[in-house]
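The chain below stands alone and is given in structure tokens; this is the form predicted on its own.
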Amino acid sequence: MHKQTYDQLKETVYTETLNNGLRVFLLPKPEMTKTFGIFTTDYGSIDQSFTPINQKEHVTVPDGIAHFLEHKLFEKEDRDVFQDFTKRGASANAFTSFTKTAYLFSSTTEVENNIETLLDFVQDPYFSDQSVEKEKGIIAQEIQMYDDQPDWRSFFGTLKSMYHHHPVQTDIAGTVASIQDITKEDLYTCYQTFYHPANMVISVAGNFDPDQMMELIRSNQQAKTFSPLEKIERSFPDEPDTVANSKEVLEMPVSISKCMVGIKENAQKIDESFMEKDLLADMLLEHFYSKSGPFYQELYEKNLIDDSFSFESSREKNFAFSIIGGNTENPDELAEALKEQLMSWNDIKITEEDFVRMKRKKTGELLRGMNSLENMANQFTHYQLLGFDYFNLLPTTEKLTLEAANTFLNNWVHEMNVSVFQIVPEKG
């Protein structure tokens, strides 16, 4: 077991890669009463085309299968695993993103039993034809519920307007039609390929003894047998750097319009600049669009936005995008105002004073995030799957330069990587 200390943050992380390839990260926080565990596979909704383990032919599986698999793992032949956690007073959950699927719990008691349950239920799949068909109805209802939500539709509508072919434009849950094609055999194919320990990470943060916890996880994994896993071959369609559509409009039964502007970036290289870009994108969006910023005040005073106005940036292995917008009475005016302001970024120079303030704010956000067990373990896993150390975000932030910020800003946006998506009230 390797011990890594971070003197600046006063944090210690214990790590070990087990014989089956599982990467274990333990973040003891003895001052906490709670423990949080998250077991994550490097497999998300965009992983639709791949070569299954021990096979040679490439396959493409139906949209939404990673999310479907997440649902099915909780259901066993004789019980629902949620009940096992509930009986011990633990809270359990799971989520599927574009790039990963995670299973998690938090508890203040019986932590070791809950860790074993977490490992065992994820590593013991049970799928039957009957239960798969039953789940289709449940997930179809979930998809239809989200289809009625303007915020959800505007998010994926913006992605669809940005991307030509990349599966990031597809709803994580798939569609009501696509999930009908999912079979028990498809689920086992995806499970056996992507849920191999060598493709997974478990992170535990909270009140526990690291030696005892590592031995518990080590013993649990030694009692199980897995086939060797070579590198998983995934494929993605060629994606142009330009957006698919500069503007799209959707009519929905809403009382107020929505206007979102998306910034698409090309496929990301996983190198030293990745974390810098990740940080700079967040810091610059915060600088321009936070409620304390002058542009937010300008849009608000022109009655172009309300409190729903927001922004976000996502940067992963082979895609990156940012989305800005919210409710508006004047979707075309807001779109033009945002686009005009974005185009001005090519010539803007952030001042030293503003940059120092941006770094201080980001440092505060990072330190606040490290006070949350859930955020710390989740973010630690996120960056490990990308090949980075979460605790290096702080020193990386400190090393950011004004020149790097202005270079990133001046080359971030151009006319062909910006798209607009609007939701407007249905006519008549």
Partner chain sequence: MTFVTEDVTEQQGYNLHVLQSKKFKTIHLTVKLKSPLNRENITERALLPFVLQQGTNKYPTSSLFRRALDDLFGATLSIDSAKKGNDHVMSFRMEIANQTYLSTEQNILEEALQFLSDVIYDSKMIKEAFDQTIVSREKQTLKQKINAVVDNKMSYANMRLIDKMCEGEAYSLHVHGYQEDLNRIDEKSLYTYYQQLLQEDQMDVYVLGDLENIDVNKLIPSYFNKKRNPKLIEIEHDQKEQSEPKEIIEEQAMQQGKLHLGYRTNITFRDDAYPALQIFNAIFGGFPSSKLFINVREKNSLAYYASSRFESHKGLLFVFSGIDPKDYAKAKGIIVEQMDAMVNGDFTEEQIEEAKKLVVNQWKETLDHPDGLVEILYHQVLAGAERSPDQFVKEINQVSKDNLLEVGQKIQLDTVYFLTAQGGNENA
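These figures come from a predicted structure and were not determined experimentally. Positions refer to the first chain, counted from 1.
Omitted here: the form predicted in complex with its partner chain. The next part is about that form.
- Residues within 4.5 angstroms of its partner chain in the model of the complex, judged by any non-hydrogen atom, belong to 136 to 144 and to none of the other stretches in 274 to 282, 117 to 125, 221 to 229, 136 to 144.
- Not one of Glu233, Thr401 and His414 is positioned with any heavy atom within 4.5 Å of its partner chain in the model of the complex.
- Only one of Ser91, Ser310, Thr183, Thr351 comes within 4.5 Å of its partner chain in the model of the complex through a heavy atom, and that residue is Ser91.
- For the residues Asp171, Glu265, Glu248, Glu110, the 4.5 Å heavy atom test against its partner chain in the model of the complex is passed only by Glu110.
- A residue is said to contact a partner when one of its heavy atoms sits within 4.5 Å of a partner heavy atom; Asp389 fails this definition for its partner chain in the model of the complex, lying far away.
- Remark: Glu329 counts among the residues lining its partner chain in the model of the complex, judged by a heavy atom distance of 4.5 Å or less.
- Put simply, Glu31 is close to its partner chain in the model of the complex: some heavy atom of it is within 4.5 Å.
- Taking the partner from the other structure, its partner chain in the model of the complex has a heavy atom within 4.5 Å of a heavy atom of Arg360.
- Contacts between stretch 1 to 21 and its partner chain, counted in the model of the complex as any heavy atom lying within 4.5 Å, involve Gln8, Leu9, Lys10, Glu11, listed in sequence order.
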